[in-house]
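One chain is shown next in structure tokens, namely the form predicted alone.
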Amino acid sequence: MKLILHIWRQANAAAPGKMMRYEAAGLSEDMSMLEALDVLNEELIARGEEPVAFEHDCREGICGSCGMMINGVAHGPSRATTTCQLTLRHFRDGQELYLEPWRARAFPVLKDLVVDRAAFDRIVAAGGYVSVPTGSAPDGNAIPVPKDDAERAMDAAACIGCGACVAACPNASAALFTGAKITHLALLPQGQPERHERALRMVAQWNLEGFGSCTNIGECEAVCPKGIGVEVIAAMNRDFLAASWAERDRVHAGA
């Protein structure tokens, strides 16, 4: 199997970039997209050329580091699939593919297909910690959680922070990511003490990082490899508004 790969090449964050054309031959339809890039890089190294830089870690759809645009779609044409899980059987022999990094001001390109997603880490860090009492860990069943809340919390916690939602959004919004992180803890008893303060801090950090606003286009949900729905954005908005009004009341009471 052979693929014609048009890949964004950029030496570093300050250098200009451009698309470069490569022919990757000797591929198998059972390979993943990352394995196809491995084959291409081996050929480039053998020719004394610079290999294509791309992120990867677990290659099991868990770490979220492998994201790239494939023919204009985050993670490629298969729904609920990360780039490392995307196999070449989704493409035709000889097909031309265009591979690009995430395009967002908050995700500056570091090299080739690698972008800096540290903005996500700062949003999570802004949320702070969950209050827990000292002493030994409580029994797993000591705090009852309604089944529906537990399932919704687990659905939100499935977010792997890959950034596909930002890359697919015309506004480069981080609403789905931030909403998932806020909603995950907001649904659990352990997340209640700092619930409103957490929402305020994380949304504030999202804005500081330069992400755009959500306008309910829904592209984020369409490309999310974990199938997280836009309802987490609605939940985040509810918590943020409630926290904002509570903060306003505290300020007026202090005045």
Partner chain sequence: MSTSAVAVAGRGGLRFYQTTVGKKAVMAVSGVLLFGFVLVHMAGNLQIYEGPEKLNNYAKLLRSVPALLWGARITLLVMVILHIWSSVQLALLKQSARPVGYVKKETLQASYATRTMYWSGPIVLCFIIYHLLQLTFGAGGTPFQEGDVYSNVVQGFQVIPVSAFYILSMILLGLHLNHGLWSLFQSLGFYHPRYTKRIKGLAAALSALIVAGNISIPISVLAGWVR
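Just so it is clear, the model here is predicted, and its values are computed rather than measured. Numbering follows the first chain given and starts at 1.
There is also a form predicted in complex with the partner chain; it is not shown, and the following applies to it.
**Q.** Touches the partner chain in the predicted complex: C214 (any heavy atom, 4.5 Å)
**A.** Contact check for C214: yes, within 4.5 Å of the partner chain in the predicted complex.
Q | 4.5 angstroms heavy atom contact with the partner chain in the predicted complex for F240 | A | Result yes; F240 sits at the interface with the partner chain in the predicted complex.
Q.
So, E231 and the partner chain: in the predicted complex, are they within 4.5 Å at any heavy atom pair?
A. E231 belongs to the contact set for the partner chain.
Q.
I'd like to know if G94 sits close to the partner chain in the predicted complex, meaning any non-hydrogen atom pair within 4.5 angstroms.
A. Contact check for G94: no, nothing within 4.5 Å of the partner chain in the predicted complex.
Q) For 195-219: residues with a non-hydrogen atom within 4.5 angstroms of the partner chain in the predicted complex? A) Result: E197, R198, R201, V203, A204, W206, N207, L208, G210, F211, G212, S213, C214, T215, N216, I217, G218, E219.
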